[in-house]
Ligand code: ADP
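Shown below, as structure tokens, is a lone chain in the form predicted on its own; questions about how it binds or moves come after it.
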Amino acid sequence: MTREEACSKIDEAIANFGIKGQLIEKKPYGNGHINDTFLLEYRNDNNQIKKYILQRMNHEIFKNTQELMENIIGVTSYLRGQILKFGGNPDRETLNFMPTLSGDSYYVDSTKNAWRMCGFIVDTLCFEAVNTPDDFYQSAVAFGNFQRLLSDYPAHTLHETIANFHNTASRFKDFKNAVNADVCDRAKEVEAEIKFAMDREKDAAVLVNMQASGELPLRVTHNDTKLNNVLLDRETGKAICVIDLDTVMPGLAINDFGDSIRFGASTGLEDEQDLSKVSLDLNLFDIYTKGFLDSCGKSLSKKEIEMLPTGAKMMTFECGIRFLADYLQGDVYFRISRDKQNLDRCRTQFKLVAEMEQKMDEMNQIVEKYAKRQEE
């Protein structure tokens, strides 16, 4: 079934959410590649315009819609209570999902496609890339606040909607299998990259082992902590809401921090071909660390804070081996728009890993600076 065919039941889905008022517009919305997203506009009886986001969920990626939505509803309901407790506005500071006519959190149409609807948060901005240091700072504030508000949520009750998503040891095993299988006969052209990864095999299990031993606690994690998953207030530019909660799962807080650094503190694009343009910007690392720790408050343990730079390195390394494995397998997972794009992605990640290893002392000093400020 094509995406067009899958979306053909949009009117059926809309009718089963029973939103009051006259539907005056429906149109595709956003740049997402996973789900199909639409913006709906209604005029209610008071002649007010109300907007909603309707999404057809991609069941090819997320196999268990029930578990996915249980995670999202559980977390957003809890966030709503926390935001009210601290005097915030839960209609703007978290996503609010509309029930179906039968009271469910999603609707399955006659072609077995699942749909959900949430309120549209007006007067907000969402950026695809970091344009200013303050953009990056605001994303740090958003994800740090996300950790703080959910610090007491029982993370173990969440479903693992994608198995071993940030289990770097498991990802490394998958990478080695891809090297050994070499189904596209590409291994011989990437011997340097394979060696770079193999030389760091012992690193792959470090965080997994620390979680298993209890040194790093299980947390509610977002797992896609890019700037484009934060809404900023149009007037003030301040972060107000974390969105795209499909990958909310139990995990490590330092992985959320690390993925932000991997993507946002790099001076180059993720698929940059000229590696001389790719570097770890310590100023951006400093800015993000400040925003993240300030907004986390005292919700993180001393060991979690200490391991933040390692989280940055390991998330970058994990993405690198995933890109390289996909290249070896024939580019079957990550979308590409040109030949060797996944190889270029791998090389930028490995360049950043090497720089992080060189700059680890400076990264640790930055973290210590803001950790001490929290203790004062």
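Not measured: the values here are computed from a predicted model. So that the term is clear: the rigid core is the largest set of C-alpha atoms that superpose within 1.5 Å between two forms. Note that residue numbering begins at 1 and tracks the sequence as displayed.
Note that the form predicted in complex with the ligand isn't included here; everything after this is about it.
Chemist: I need the one stretch from 189 to 197, 278 to 286, 172 to 180, 121 to 129 whose residues put non-hydrogen atoms within 4.5 angstroms of the ligand in the model of the complex.
Modeler: Stretch 121 to 129 is the one.
Chemist: I have 14, 99 and 102 flagged as a candidate spot, so tell me whether each of them has a non-hydrogen atom within 4.5 Å of the ligand in the model of the complex.
Modeler: Result no, not one residue of the spot touches the ligand.
Chemist: Quick one: of 75, 231, 149, 204, which gets a non-hydrogen atom within 4.5 angstroms of the ligand in the model of the complex?
Modeler: Answer to the contact question: 231.
Chemist: Go through 243, 305, 208, 155 and name the one with a heavy atom inside 4.5 Å of the ligand in the model of the complex.
Modeler: Checked against the cut-off, the match is 243.
Chemist: With the partner left out of view, is residue 55 within 4.5 angstroms of the ligand in the model of the complex by any non-hydrogen atom?
Modeler: Contact with the ligand, yes.
Chemist: Report yes if any heavy atom of residue 37 sits within 4.5 Å of a heavy atom of the ligand in the model of the complex; otherwise report no.
Modeler: Looking in the model of the complex, residue contacts with the ligand include residue 37, since a heavy atom lies within 4.5 Å.
Chemist: Taking any heavy atom pair closer than or equal to 4.5 Å as contact, tell me whether residue 95 reaches the ligand in the model of the complex.
Modeler: Yes, residue 95 is a contact residue.
Chemist: Using the partner position in the model of the complex, report whether residue 29 sits within 4.5 Å of the ligand, counting heavy atoms only.
Modeler: Contact with the ligand, yes.
Chemist: Is residue 342 one of the residues whose Cα moves 2 Å or more between this form and the one not shown, with the core superposed?
Modeler: Shift of 2 Å or more: no.
Chemist: Quick check on residue 55: with the core superposed, does its CA move 2 angstroms or more between this form and the one not shown?
Modeler: For residue 55, whose C-alpha is compared between this form and the one not shown after core superposition, the shift is 2 Å or more.
Chemist: Once the core is superposed between this form and the one not shown, does residue 124 show a C-alpha displacement of at least 2 Å?
Modeler: Yes, residue 124 moves 2 Å or more.
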